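Shown next as structure tokens: one chain only, the form predicted alone.
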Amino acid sequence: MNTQEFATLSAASVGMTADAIRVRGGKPIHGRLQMKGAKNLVTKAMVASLLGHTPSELRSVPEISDVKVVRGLLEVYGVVVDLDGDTLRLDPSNVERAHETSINAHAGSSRIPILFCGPLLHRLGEAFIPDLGGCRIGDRPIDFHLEVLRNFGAQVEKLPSGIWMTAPNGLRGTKISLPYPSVGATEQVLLTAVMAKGKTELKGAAVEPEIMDLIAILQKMGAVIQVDTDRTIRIQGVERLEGYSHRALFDRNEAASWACAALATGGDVFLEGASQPEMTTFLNVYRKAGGKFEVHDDGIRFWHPGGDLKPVVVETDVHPGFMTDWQQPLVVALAKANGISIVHETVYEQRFGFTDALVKMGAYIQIHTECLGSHACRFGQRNYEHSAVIAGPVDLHGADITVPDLRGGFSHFVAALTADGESTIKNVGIIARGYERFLEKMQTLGVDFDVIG
């Protein structure tokens, strides 16, 4: 790779412009990578800074495009954002109303703007959000978020350009029961309830590590939040919150992705900053599939010990279950396992579209509408293709692939690493939403590739 190609690669890695990469597969990956803060926490922590009346400091911030989107939105509202290395300093002292044209320009396809509503209603008494995008992997209804905000007392008006909200009487605590432990809905309630008048009770809440880290941040700011063992969260609203100082939880999704890449390619990676407690369920499955790992004080080493990988049966679920974002890169490794593996997806109903490209590359994968797990899930009898049967081992071959979504795109990249011959991967910019400098990390791990265009 020449200097110009590496410059293009560097830009692409932080969400700039790069159309495609060409990967020459069949080579194990080896090396050491640093895991920064979790995409699913850092962006929410940035939004939480709006609630403070003094500046906040967030450390271990990854260079990903979702962070860039949220930074742009905060700056539109008058938040002063300063980035020093991997540390963000956010000063919300002069928060002000933003023009909807500017909001639309910065929001892009991100779904994060919906989480701005509670903090903005507290600070300004009004909020506007554009139509929401995000990866098309299943039903993520905005109407539920709007109903939550209405329960707090927000008045919601749908406009052709987006959604306008006001809180003429302020926001008040409420009781909410989630039909499913939605991470997004739980975040919405937390960011809205901490300054709502009175008490809020949330039943059926998500309790993912990223949620608990967000709660830790809000508590540092002065919030009063109690988490019970039955997924009930109780919040006592307070009149004022201050800024926070916090180091973000590591990105367990990125860690699992690179671990699966090592398993699929027969490689060996050390993931600095990865932690065992947040990955316990993943580690169990990794070991059952034949992978090896060592837990160290400063990270976790993952490697393929040689010999055949073993088939496994996996059901995705909310925490502490097997994360839905872990199954996609794992499927590539399971295509190399000697036997029949089953993956039952119970979180998102449209998450197996990425397997079409794997089949094109030689994988044997069948998708079914039946619940092929130990229990029926909410997608059963609804004609959603949410169970996968993977037969192996197979030898994948290179192909031309277009990235469909964030996790599916990384899985296609892993497939290209394992394949014989060359693969061309288009629309790689999507992967930069959640993987910091992932192309540069490819080079660190010894991947044979170049940037096209």
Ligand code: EPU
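This structure is a prediction, so every number in the text was calculated from the model and none was measured. Numbering starts at 1 and follows the sequence shown.
Omitted here: the form predicted in complex with the named molecule. The next part is about that form.
In the model of the complex, the named molecule sits within 4.5 Å of a heavy atom belonging to residue 142. Not displayed here, the named molecule is approached by residue 407 to within 4.5 Å at the level of heavy atoms in the model of the complex.
In the model of the complex, the named molecule lies farther than 4.5 Å from every heavy atom of residue 315. The named molecule in the model of the complex comes within 4.5 Å of no heavy atom belonging to residue 126. Only one of 385-393, 37-45, 53-61, 409-417 lies within 4.5 Å of the named molecule in the model of the complex by heavy atoms, and it is 37-45. This chain is drawn without the named molecule; in the model of the complex, the residue among 167, 241, 183, 357 with a heavy atom within 4.5 Å of it is 183.
Shown without its partner, this chain lists 335, 260, 343, 347 as candidates; in the model of the complex, only 347 has a non-hydrogen atom within 4.5 angstroms of the named molecule.
In the model of the complex, the named molecule lies within 4.5 angstroms of at least one heavy atom of each of the following residues of 309-330: 323, 324, 325, in sequence order.
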